[in-house]
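Form predicted alone, single chain, as structure tokens, below.
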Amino acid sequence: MSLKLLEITAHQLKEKLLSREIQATFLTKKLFEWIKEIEPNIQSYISLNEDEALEKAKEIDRKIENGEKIGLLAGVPIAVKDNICTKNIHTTCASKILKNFIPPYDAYVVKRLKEEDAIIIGKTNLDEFAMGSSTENSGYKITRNPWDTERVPGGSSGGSSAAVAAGLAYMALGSDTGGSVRQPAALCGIVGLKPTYGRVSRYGLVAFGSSLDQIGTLTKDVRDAAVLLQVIAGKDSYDSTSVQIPVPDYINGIDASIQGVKIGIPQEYFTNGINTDVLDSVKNALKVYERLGAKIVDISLPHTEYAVAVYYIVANAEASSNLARYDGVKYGYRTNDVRGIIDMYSRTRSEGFGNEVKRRIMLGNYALSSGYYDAYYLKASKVRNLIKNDFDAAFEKVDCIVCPTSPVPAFKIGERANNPLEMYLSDICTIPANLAGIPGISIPCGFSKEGLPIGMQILTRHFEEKKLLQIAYAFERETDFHLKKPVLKGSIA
């Protein structure tokens, strides 16, 4: 098997499996060989699921051989971010405090993957409890960008993003609280989709910010994103925030014309704070859309400047509440040689959590504390509503909004590690969509002068993922940015 087979998309792979050009078992074995060869340079996985994956591959081969019905993702190797519960497989959230935790159940999205015959190959690295923008805050390892291993892959879904970009998985699941799927997708040159809040069940996703978290997809192209969303979307009785709205057919009609589509360009996202290579790439992408018959409309989202401040109050307040359960009593890490229960609580949390998680817990507790709740959390919640209203007003005039995904291409490892504020600003373009609950997708649209990928973000109204995918696919069909791959050291005979 040549490396070319590892570079094809998931939907192309399934065609080869159905035509019996290749077997799932052979492919899976070769993929694990590639992982073992390349993974030491990338560090995208926390754990691998080799035995179970090979058993599933054999089952797929038997089904195809016997002419049995197979699922949408039959034979497709997929990685899962390690804050999404997997039955009998460690789920650590890249934290020492959950180092030995093995869930007794599957998250809803993992259950759906299995029902559609996907092959789960491993759990990917992340910033601890999904708190970060670079995957440098993992309790276990720093994931590296396949395009330049001296740079970050973005975060917090950096492990999933790097794995897909490096050909170590055909597709992956991540979670997006403030851009944690879209930003790493942009930095690694792949497609990252955050669905509408409520479109995909959060059951089994370890909570960070409950009103912001959403499971998303990381894929090689837009069609793969449509296929994966088709599998994981839908109402789940175990998640009261998942919405009872019919799931459209995202795959058929993805190639629809965008003639006459109105694209909004928010002036607040095209400022001096955005890297010039990023601005140039997005502006060139807009020219492609104009050629395809779309209309460019200037709009304003006036409360965007407050988004980062609002997010880091709301998200940290919710995080401080959600992480209170990790106290060494029921499960997870517990410190030794304690002097009473208070000592056990404080030392367990002090030793079990990393610096970034502790920073956010303290900020969240402060914002929720007596005397400060009205000044911070309540005010942030009101401004959050104004940000949502900005989007509602904009969508009265346009069909979608286009802007950069990340203000900069991938930055060097360690470059922002000691400057939390600068790190937080990495998500300045993606945070507003989470505050408003709308869907967003990042697609490759260019490269920097250093040869690093650049992503373009597209946003639509709530539950308009089908339109979102059509608009993204129209650009992808006219360009080849998604076809370019990083040069990796390694070979498979």
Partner chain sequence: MKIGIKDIEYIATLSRIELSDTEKEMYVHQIDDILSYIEKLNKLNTEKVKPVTHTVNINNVFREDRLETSTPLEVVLLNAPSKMGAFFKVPKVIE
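Positions refer to the first chain, counted from 1. This is a predicted model, so every value here is computed, not measured.
Only in words, not in the display: the form predicted in complex with its partner chain, which the text now covers.
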If you check in the model of the complex, is N284 within 4.5 Å of its partner chain, heavy atoms only?
no
Would V227 sit within 4.5 Å of its partner chain in the model of the complex, counting heavy atoms only?
no
So in the model of the complex, does any heavy atom of I341 sit within 4.5 Å of its partner chain?
yes
Taking its partner chain as it sits in the model of the complex, is Y289 in contact with it (heavy atom to heavy atom, 4.5 Å or less)?
no
I need the one stretch from 22 to 30, 52 to 60, 453 to 461, 424 to 432 whose residues put non-hydrogen atoms within 4.5 angstroms of its partner chain in the model of the complex.
424 to 432
Is it true that K16, W34 and N252, all three, sit within 4.5 Å of its partner chain in the model of the complex, judged by heavy atoms?
no
Just to be sure I understand the contacts: of T241, S300, S257, T271, which is the one whose heavy atoms reach within 4.5 angstroms of its partner chain in the model of the complex?
T241
Can you pick the one in Y331, F411, F395, Y140 that has a heavy atom within 4.5 Å of its partner chain in the model of the complex?
Y331
Output the sequence-ordered list of residues from 296 to 316 with at least one heavy atom within 4.5 Å of its partner chain in the model of the complex.
H303, E305, Y306, V308, A309, V310, I313
